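Listed next as C-alpha cells: two forms of one protein chain, kept apart as structure 1 and structure 2.
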Structure 1
C-alpha cells in the first residue's frame, strides 16, 4: 500500500508541471478555468455562458465556493489559468483559498472574472477593492434609473444600459445594437488606480440606493460615476472583469427582449449574450494578446549584429509583433509603435514603419554621445497586452585614427591660425626693413 501511494505521488509530481503550464504565450487559449459557485443551480441557470466557454475550448472545473478541498495550486504549481467567481454571498472560501490567494493568482499573470450582487459579502468586496473597484457600502442599495430602464421593469432597477467603452479590442468589431440589461449593485473606480477601466457605465440619471425605501440623504454614487462592469489589465498582463450583477450572465437575461424607456427601438434579444461573450474573449486573451520577437539591429549594409557601435554610425532596427486571433497568430498592424535609443533618457525616439506582415522597422544615426545604451520598445494601447522589450548595446567614441584629417567645423580656427602667421611674417618684414 505504501509503495502504491509513493507511485501515485511520483506520477502526480511528474504530470503536474505539464497540467499547470497549460497556458503559454504561444497558445493563449489552451487553459483550465476554475468556476466557484455559491449555488450549484447557477450551473444550469447560467448554462449558455458556460457552454460558450466550453465551445471555445476551455476546460471548466465547477466547484462549490465552500468546498473543503479548494486549492489554486499544489506543490508550488498553479492548477488553473483562469478563475470565475460566481459566489457573491460567500463569506469564506473553503480549503486553502482566501482573498490573498486570489490576489496572488492574479499577480502570477492569470485571469479573473468576479461577479457580485446585492448579497455581496465582505470577502467579495475585498477582492474587488484589491483590483481597484469599490462597491457601494450600502449592502441594500441597487442601481436605479428612472430614465434608462427596461420597459418590462416596474421598479426601475432593471437598467437598459448602452454606454459601452469604445474599443474594438475589448468588445469586438461588431457593434452591440441592443441595450445590455443589468440588475445589481453599483461600484466606482479607485482614482489612484490607472489600470482599471469602465466597460459598461450607468447613465447620468442613475443613482445607487435602496429601491424599497425613501431617500433620507443624497446617494453617494450617482450618474456617470457609477460603473456597472469594469475591467483591469495588470502590469503583468493579467486581466480581470468585475461585474455588479450576477444576473448579467444568466440565461434569462440572455433570452429576454430589450426596449429602453423612451426609445421606439425594440429588440427580441438583449445585448447581454454578445456583450458577455466578447468580454470573455478579451479577459481570457483570445483577443488583444500580442507577442514580440527579439529586437534585431545592425549597421546599414550589414546583416550581423555588432557587439558595439561607434558614434554617428548608421543603423537599422526591426522587431516582429504578432497578434493572437483566437485560432492562430496573425501579423499585427499599427502605426504607433516606437523605439527608444535610451541612456538615462531617450536620445532617439522613432516611430516604426510596418510592412503589414508583422515586421516593424526603422533606421537612424547613433547620437554623438558614447556610453551604454538600450534599444527599448514599450508599447501600451487600450485593450492590448503591454510589450516591454529592451536590449543593451555599448557605444564608443572615435579612435584616434578614425577622425577626419580636417574637421569642417574647425575651418575658421585653421584660417585664424594661418592668418596670424601671415600677419606676423608681414609685421616682421616691415619692422626689420622699413627705414
Structure 2
C-alpha cells in the first residue's frame, strides 16, 4: 500500500506539468470535482457556491444525477478527486453509480459533499448512513425551532443557527459572526462512530417534525442532538461533509440578511457564504492537511538507523511534519505532538519539541526492558488529518561481554578467592614436604 502510493507520487512528480490539476500526495488539494444535480437549475440557483470553487481553481463537471453515462472511474482509475451530490430526491443514479460506488470513492481517499433536503431519497439516506449519519426517518420532517429562527422570514423552519464547532482548521481563522441560515432535514450522528462530528448543531429548543401537520407524538430528534451540518474524516483521511439542507448552499440564503429571533444583532448578510466556503476549503484539503516524513531514529552520536537497540541505549528521535497551505507545504508548528515507545503499552511517552521548520525531535533512554518495540506517533487533532505512524524496532538485552568484567564491590570476594587458593597451595606444600 505504502509502495503503491509512493510510486503514484513518483509518477505524478514526472507528470506534474501535464497533470498538475490532479490530486496527489504532494498536492493533496482536490482539483477535478463531479457535481451531481437532480435539477440542472441548481447550477444557477447555487452559482455563487460553484463560482467560488471555480475561482479557487477547481474543475467542476456538472452532470445530471440520472445521466446514463455517469461513471466515477474508467479503467480502474478515478476520473474525479471530489464529488458533490446535490441531488436529494434522486432515487437511482444513472450509469454505474450507486451508493456502494460512492462509499468506495470515499474509501479510496476522495472527498464528498452530500446534501440532503426535505424528502431526501433512500439513496441519499443510505449514503449518509454509510458515513455515520442518520437522517430523520420521517421523510416529511424538518427542523423546527421556535426560538432561534430567522426573523426575516418569520418561518420557524428557517433556522438561524450559530452553534458552530470551535475549530479554526475546519471553519477558518476569521470568526463567522452572522448566523447560518438553514432549512432542511435533521440528522443525528451514529454514536458508535467516532470519526463523525457536528459542525453546525441545532439549538436546544429545536426539534424535528412535519411542520404542516399537528404533532401527535413527541419528536424523535430534539435539541442539540440534532446536527444540521456534519463532517466525517475517514481513517484514510477522506473528508465528507453532510448537510441536511440544500438551500444552505443557495445564492438566496447567501445573500439574504440574517437576524436571529430574540437577538438584537442584525446582519446584512447571513453567515452562509463564509461558512460554506470555509467548509469547502477544509473538505477539499486546502486546509488542515498534514503530512509526515518517515520516523527517523538513531543512537546519540550516530546518524544511521540501527537494526536493533540495546536496553538503556540513548537515542534520538525525529519526524518531519508539514502542513499543506493550499498551494505549498509549510512547516507545521505545534507543541502537542507526542511519540510513544510502545510494546503492548507505552513505556516512554514524550512530547516532541519543534524547531519551527517542521522537524519534531526528542531524545530519550531505551527502557530497561527487552522486546519488540514500536515508535508510534498517533496525532489526532480536531480538523487535521490523522497521522498514525509506527516503526518497529527490537530491543535486546546486554551481550555477554557488555557487562562489567570486574565489579568494584566484589573485590573483597576476589581477594578471598585468591588468598584461599594461595593458602591451599602453601598448605599442601608444607604438608607434603615438611617432616
Partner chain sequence: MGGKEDPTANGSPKSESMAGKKASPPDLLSSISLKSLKLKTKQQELLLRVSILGLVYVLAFIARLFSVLRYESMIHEFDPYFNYRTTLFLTEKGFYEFWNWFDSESWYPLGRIIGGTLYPGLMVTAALIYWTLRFLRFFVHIREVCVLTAPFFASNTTLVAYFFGKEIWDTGAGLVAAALIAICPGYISRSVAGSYDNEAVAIFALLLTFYLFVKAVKTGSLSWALASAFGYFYMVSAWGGYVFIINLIPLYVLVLLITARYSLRLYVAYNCMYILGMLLAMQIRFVGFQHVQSGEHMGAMGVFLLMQVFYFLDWVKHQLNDTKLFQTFLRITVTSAILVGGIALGVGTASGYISPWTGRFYSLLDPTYAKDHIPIIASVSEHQPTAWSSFMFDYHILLFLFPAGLYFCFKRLSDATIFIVMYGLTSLYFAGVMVRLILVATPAVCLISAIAVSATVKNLTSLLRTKQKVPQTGSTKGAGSSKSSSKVTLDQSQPFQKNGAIALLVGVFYLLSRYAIHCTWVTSEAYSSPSIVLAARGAHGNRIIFDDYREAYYWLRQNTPTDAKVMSWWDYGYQITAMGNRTVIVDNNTWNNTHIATVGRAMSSYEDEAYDIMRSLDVNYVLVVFGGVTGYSSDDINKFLWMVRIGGGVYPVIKEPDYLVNGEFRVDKGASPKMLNCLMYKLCYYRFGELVTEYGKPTGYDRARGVEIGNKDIKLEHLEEAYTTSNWIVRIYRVKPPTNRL
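Keep in mind that this is a model prediction, so the values were computed, not measured. Definition used throughout: the rigid core is the maximal C-alpha set that superposes within 1.5 Å between two forms. Positions refer to the first chain, counted from 1.
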Answer for which single form is the form predicted in complex with its partner chain: 2
Hinge of the chain between structure 1 and structure 2, where one rigid part gives way to the other, from 259, 74, 45, 403: 403
Two-part rigid motion between structure 1 and structure 2 - turning angle of the smaller part, in °: 43
Core-fitted comparison between structure 1 and structure 2 - CA shift at residue 413, Å: 9.4
